[in-house]
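Coming up is one lone chain in structure tokens, specifically the form predicted on its own.
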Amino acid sequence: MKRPTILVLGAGYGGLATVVNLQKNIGTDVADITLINQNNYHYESTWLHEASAGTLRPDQVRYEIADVIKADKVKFVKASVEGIDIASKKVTTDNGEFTYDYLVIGLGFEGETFGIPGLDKYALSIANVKAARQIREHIEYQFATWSMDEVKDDSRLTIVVGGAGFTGIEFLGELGNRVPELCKEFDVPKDKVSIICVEASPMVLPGFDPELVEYAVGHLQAKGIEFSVGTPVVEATPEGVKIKKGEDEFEFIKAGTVVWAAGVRGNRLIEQSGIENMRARVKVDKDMRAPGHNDVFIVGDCALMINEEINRPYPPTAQIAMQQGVTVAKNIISLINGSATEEFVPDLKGSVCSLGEHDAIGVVFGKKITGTKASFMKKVIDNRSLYMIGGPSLVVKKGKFNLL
């Protein structure tokens, strides 16, 4: 009897958690498992803001997939997915075609520009390790060029960050630490540097406790970061961004660096697959399957789940994606064994937003925390995600140990 083939697309938090839990709990004589990813490494997307600011090296936020999968149980294929044909149960890549009996889609997020002219050309996005390296090097280039120019253009030292959500605030926190180092390295007067956060909505960190938001904004303002809230970006150009200040009032901010951190969507291959979706995210059934497709599971940024208590989607966090991977692995094994699947119920332990190396805000187990205590918890959470995938050896290799 032919063994069923399990095909996992993407080695992000959800996809990798699925594979790791499958290899723990399924024998090689039971199923063939194949993982497809465009890189031979996994990167911690929740650390990309640090690599982008230059407070972590790009190699510190990634690790080899081979370090956490078992070659005798999982076949790894380095390839970019080009198409998903649900009807014929086939996936097309730049490294061949693959068929499946069970498919797990964990292809991650893409930046959402909301159709704003010029953003896709003139703004940098914290999208992956390579993009993070580009942002870091671009900022360093602007500082170096300013210091060498005979006629100084101070707009080179203006950094605009679009978005005051989780990613934007964490990136601003790292910039607050990194900019003084850059000023010292390139002999740039600190008062020449401007960091401006532009947010379209009327509030910073929507969904966070107002008291914690006030703490975060105050902390960042003390580092010299300016906030322009309720002022949407309407255009990006090679020279900067145009924002809307009022009904018929606009302002142009001349800036050498524009980083867009104001929204994500699922992978566009979802839209081309024929699976019902909203902005490339699939409103999954309770057992994480795509509606109407009993052999297709969706995890991570591509999955949309509604928190029925507040009638809003759960945020696409690493914590939830990894928990989804555990449930999906269990459910695939159940289907192979002819058993019923189980419902995915998120176990939300809390959320912590870093504000730089030794400061953060958060709610953990229902308690509000700030400062070094919150920063400590953030690093514990980061280390725990490493442990869940690669055990103690991965924590030793890649963990954060400067806890205080």
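One rule holds for the numbers: they count along the sequence shown, beginning at 1. Computed from a predicted structure; not experimentally measured.
Missing here is the form predicted in complex with nicotinamide-adenine-dinucleotide (NAD); even so, the following discussion is about that form.
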Since only the chain is shown here, I'm wondering whether E174 would be in contact with nicotinamide-adenine-dinucleotide (NAD) in the predicted complex (any heavy atom pair within 4.5 Å). no
For T257, is any heavy atom within 4.5 Å of nicotinamide-adenine-dinucleotide (NAD) in the predicted complex, or not? no
Even though the partner isn't displayed, in the predicted complex is P206 close enough to nicotinamide-adenine-dinucleotide (NAD), meaning a heavy atom within 4.5 Å? yes
Is there a heavy atom of Y141 lying 4.5 Å or less from a heavy atom of nicotinamide-adenine-dinucleotide (NAD) in the predicted complex? no
Does the trio T55, A216 and L355 actually contact nicotinamide-adenine-dinucleotide (NAD) in the predicted complex, every residue with a heavy atom within 4.5 Å? no
Only one of 249 to 257, 187 to 195, 147 to 155, 314 to 322 has residues with a heavy atom within 4.5 Å of nicotinamide-adenine-dinucleotide (NAD) in the predicted complex, and that stretch is 314 to 322
Quick one: of I270, A200, V241, L220, which gets a non-hydrogen atom within 4.5 angstroms of nicotinamide-adenine-dinucleotide (NAD) in the predicted complex? A200
Only one of V264, A236, A280, V296 gets a heavy atom within 4.5 Å of nicotinamide-adenine-dinucleotide (NAD) in the predicted complex. Which one? V264
Partner contacts in the predicted complex for 112 to 138 (non-hydrogen atom within 4.5 angstroms of nicotinamide-adenine-dinucleotide (NAD)): F114, I116
